[in-house]
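Encoded as structure tokens, the following chain is the form predicted on its own, with no partner shown.
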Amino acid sequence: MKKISIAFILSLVVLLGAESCSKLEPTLPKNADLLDGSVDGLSSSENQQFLSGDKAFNDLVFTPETGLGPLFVATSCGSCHTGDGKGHPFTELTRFGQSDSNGNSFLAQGGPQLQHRAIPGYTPENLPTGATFSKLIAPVITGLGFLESVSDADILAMADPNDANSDGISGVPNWVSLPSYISPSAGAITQNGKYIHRFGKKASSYNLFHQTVKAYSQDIGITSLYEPHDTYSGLESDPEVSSQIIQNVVFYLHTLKAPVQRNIDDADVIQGKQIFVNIGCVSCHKESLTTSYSPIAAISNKVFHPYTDLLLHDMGESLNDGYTEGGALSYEWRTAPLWGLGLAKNSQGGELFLLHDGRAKSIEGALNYHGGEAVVARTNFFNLSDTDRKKLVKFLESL
């Protein structure tokens, strides 16, 4: 009996100790408080490719021995997209050399992107004299598969180049020629041999494959089967990243979950959303879009809520950086999706760096720079009572 009692007591002590330790462990964050993670409903094989892409995106760090540079901006994909969230000015990109829709006149001098870092023995690039340029910080990358799956027809249906409804909003697509390694998607609409592009600050990338290939080449200085020319010498070289890794990264980007709105039952959030609608923000920041058919069932024919129309809009002189890409003008910017906005600080060191270049340190500050087609919405916002402005901001922080 004595031995049994001692054993019982020891077992009880162990259990109590384990329970005490578990209380000291950090609680797991809620799904809505994280940007990373796959979309629900992937098959077993799709989930495996997602994990392979996750590893390549976040864990594959390039060195000079594995092809880095010799000129570069970053050493990995994840270094600019911490937690799949917005970037920080420390990892900003500089695009340069195109001042209008006639094309980039500085391609022979390193354009369109500045590689401001270099491996030992090489000198980083400097901006050529006379080149217009734009500082850009990395965007949130979650939910991109949903955006890619919106049909060209739906994007054109939202466009209003001549402001036919007289609401002051005249969004247009960015029509750009495709590189030879890109095949148009099913249902693609063409205009004078050009196609609707939708990714990037000025919608200069056609799809996630296009964006990924360009990022390996221009951000990390890594050649591939699709972009075989070294950005430093201009000479063609053997691929430094495999096509399979690129495909895995593209699949990872395609199947990252959409950001989850938080506090949806909060009365201020509900009222803030209605104020957002009432003052005209939804004219560009469309709440709901619908995907077309996708071979990935989890994102096929789904309604989602990104708060964008994927179109270019005149944003006024305060946001005219003198630089453009494709057919966009220097004051035109693609409507930035607002989902994930409330989690931006998590990947930006606890501060906000909003707009294309991170100049705005608050939501109110970002709205203050809105001009052009957004001037009415901006005026309406600053004419709100202090209480209503706070409700609208609280709504945006819930996204």
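All residue numbers refer to positions in the sequence shown, first residue = 1. Fair warning: this is a prediction, and the values are worked out from it, not measured in the lab.
Below, we refer to the form predicted together with a small molecule, which is not included among the displayed structures.
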In the model of the complex, the one of Ile155, Ala131, Ile299, Met315 near the small molecule [non-hydrogen atom within 4.5 angstroms]: Met315
Single option in Leu42, Ala336, Val61, Ala32 placed near the small molecule in the model of the complex, where near means a heavy atom within 4.5 Å: Ala336
One stretch from 261-269, 77-85, 101-109, 122-130 that, in the model of the complex, holds residues within 4.5 Å of the small molecule by heavy atom: 77-85
Exercise: Glu148 in contact with the small molecule in the model of the complex, heavy atom 4.5 Å: no
The small molecule contact at Gly280 in the model of the complex, heavy atom, 4.5 Å: yes
4.5 Å heavy atom contact, Leu354 to the small molecule in the model of the complex: yes
Contact test in the model of the complex: Leu343 vs the small molecule, heavy atoms, 4.5 Å: no
